[in-house]
Each structure stands twice: as structure tokens, then as C-alpha cells.
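First comes one chain, alone, set out as C-alpha cells in the form predicted on its own.
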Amino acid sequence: MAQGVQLRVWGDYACFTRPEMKVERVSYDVMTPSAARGVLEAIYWKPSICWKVDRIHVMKPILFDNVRRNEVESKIPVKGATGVNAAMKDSKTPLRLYIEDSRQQRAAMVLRDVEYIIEAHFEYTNGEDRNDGKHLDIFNRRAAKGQCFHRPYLGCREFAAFFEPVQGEIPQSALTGEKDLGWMLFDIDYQADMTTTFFRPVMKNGIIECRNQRVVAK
């Protein structure tokens, strides 16, 4: 594909949180297409293009770990006398969140020792800046040098992702056979009031096909 890229990402831990289990986080078995898109956008993105994930290769066996993490239960409000809006108006209102008052421990079931290869392509969002070679060169150059707009992560920001472009053929996954992964988050449409869409992938020999999937909005 003229607009296609292949990127290997890996890390020590990952948590692609199931939306139905947000209090005690439980990860999906594999990376979601929306998480893969987020990694690509962290490396290279422009308003004139959008990334479409074609396949996700799961290169290592799926392993889970149970961990406990310190989190805060609240956020600084946007509205109100102590909120962000008030601070921006008068430049005097302090923005504070005391960790000692809102700290809590939460359990999480996360993935351990993960590695994926993302196959994706970009599409144009408008008539401007249509130059396939330019966008591909920039992406591959940035990926090879480790450059990114912000550090890519594997589901949660504390789980940083390492990355590099894949040269040549994609190696075979360590996984064999078929596995129904159940309903998974496909993506979030931010132009449609953050509408979430889901799909039901089947992993075959470690490969998840994301193209031409029947996507169901919920």
C-alpha cells in the first residue's frame, strides 16, 4: 500500500482498559485499534491526514499481572470558585490538588511483556498537503530516530511504549490458532460527540484484522 506503514511497539506493561470495568481496571487481551492509532499519532500527525489501522500482530504470548497502584480519586474542577476557569480569569486563584486527601489504592489486571506490530495507512481529511511520499518519509524518519510529539504509551501513560519501524517482512507471531477476543473497543469518534464504537475480532495466528470489520456503535 502506497500510504502504508509498519511499526513495532513493545513495553514491560500495558493496560487497555475495558470500559465496563473502570473502577478496578482490567485490560483487554490485546491492543485496541484506538490505542494503536494513538501511538501512530504520537509519532507523526497533521490535520490533513488521519491514521487507519489495518492489522495488529500480537508477537508474544498474552500474560496478565495483578498490580496495585496509587491513584487520586478526583480532578481539579473546571468550573466553580476553585476551578480552572476562575484561575484563568483572575490569574490569582491557585490550582491545587492535595494528594494526601484524595489518594487511594486500586487494583489492576494489566498485561506484562507485550510486543505488537501495527500495520496502518493514512487517509487525507481534506484537499491540502496531498503528498504520499512526504508523509511516509517523515513518519519513517521520525520512527527510526525515536522522535515523537509526546511519548507513546500502551493504554495508560505510565506504561511507556518503545517503538521502531519494521524493515522487510513482518516476522511470524509466537501465537497459533484462533481466539475469539469478544467485544472490544474499536475507536472513539471525537467529531460525533465522542461516540464509542465496538467490534468483535477473532485473532488468527496472532493477527487481528481491523479492516472491513463490522463496527457497532453503542
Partner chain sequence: MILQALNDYYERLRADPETEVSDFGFSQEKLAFSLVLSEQGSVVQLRDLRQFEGKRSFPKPAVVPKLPKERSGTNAPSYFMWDKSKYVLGCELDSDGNEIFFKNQFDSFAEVHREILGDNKDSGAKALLNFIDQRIFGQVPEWATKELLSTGFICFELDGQRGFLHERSAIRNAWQEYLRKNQSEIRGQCLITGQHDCSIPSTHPQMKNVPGAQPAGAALVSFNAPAFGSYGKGTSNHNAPVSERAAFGYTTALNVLLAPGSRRKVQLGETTVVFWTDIPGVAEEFFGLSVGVKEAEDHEMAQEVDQYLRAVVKGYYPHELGKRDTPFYVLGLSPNAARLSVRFWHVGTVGKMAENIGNHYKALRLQRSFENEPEYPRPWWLLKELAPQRDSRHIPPLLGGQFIRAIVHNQPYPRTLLTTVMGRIRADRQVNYLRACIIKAYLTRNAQKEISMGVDKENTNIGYRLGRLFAVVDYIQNDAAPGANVTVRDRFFGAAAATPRRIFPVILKNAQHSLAKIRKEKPGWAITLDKSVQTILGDVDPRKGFPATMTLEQQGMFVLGYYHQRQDLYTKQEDKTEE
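As the structure is a prediction and not an experimental result, all values here were calculated from the model. Residue numbers count along the first chain shown, from 1.
Beyond what is shown, the protein has a form predicted together with its partner chain; the following relates to that form.
Undergrad: Non-hydrogen atoms within 4.5 angstroms of its partner chain in the predicted bound form: do Glu20, Ser74 and Met194 all have one?
TA: Every residue of the spot touches its partner chain in the predicted bound form.
Undergrad: Pick from Leu95, Ala107, Ile138, Cys148: which residue has any heavy atom within 4.5 angstroms of its partner chain in the predicted bound form?
TA: Checked against the cut-off, the match is Ala107.
Undergrad: Note which of Val26, Cys156, Leu175, Ala42 lies within 4.5 Å of its partner chain in the predicted bound form, where distance is taken over heavy atoms; exactly one does.
TA: So the residue touching its partner chain in the predicted bound form, by this definition, is Val26.
Undergrad: Among the candidate stretches 123 to 131, 78 to 86, 98 to 106, 140 to 148, which one is within 4.5 Å of its partner chain in the predicted bound form when only heavy atoms are counted?
TA: Of the options given, it is 98 to 106.
Undergrad: Can any non-hydrogen atom of Ala161 be found within 4.5 angstroms of its partner chain in the predicted bound form?
TA: So Ala161 does not count as contacting its partner chain.
Undergrad: Is Leu181 close enough to its partner chain in the predicted bound form to count, meaning some heavy atom within 4.5 Å?
TA: Contact check for Leu181: yes, within 4.5 Å of its partner chain in the predicted bound form.
Undergrad: Tell me, yes or no, whether Lys204 is in contact with its partner chain in the predicted bound form, where a contact means a heavy atom of each within 4.5 Å.
TA: Contact with its partner chain, no.
Undergrad: So in the predicted bound form, does Gln167 come within 4.5 Å of its partner chain, heavy atom to heavy atom?
TA: No - in the predicted bound form, heavy atoms of Gln167 and its partner chain never come within 4.5 Å of each other.
Undergrad: Scan 45 to 73 and write down, in order along the chain, each residue with a heavy atom lying within 4.5 Å of its partner chain in the predicted bound form.
TA: Residues within 4.5 Å: Leu63, Phe64, Asp65, Asn66, Arg68, Val72, Glu73.
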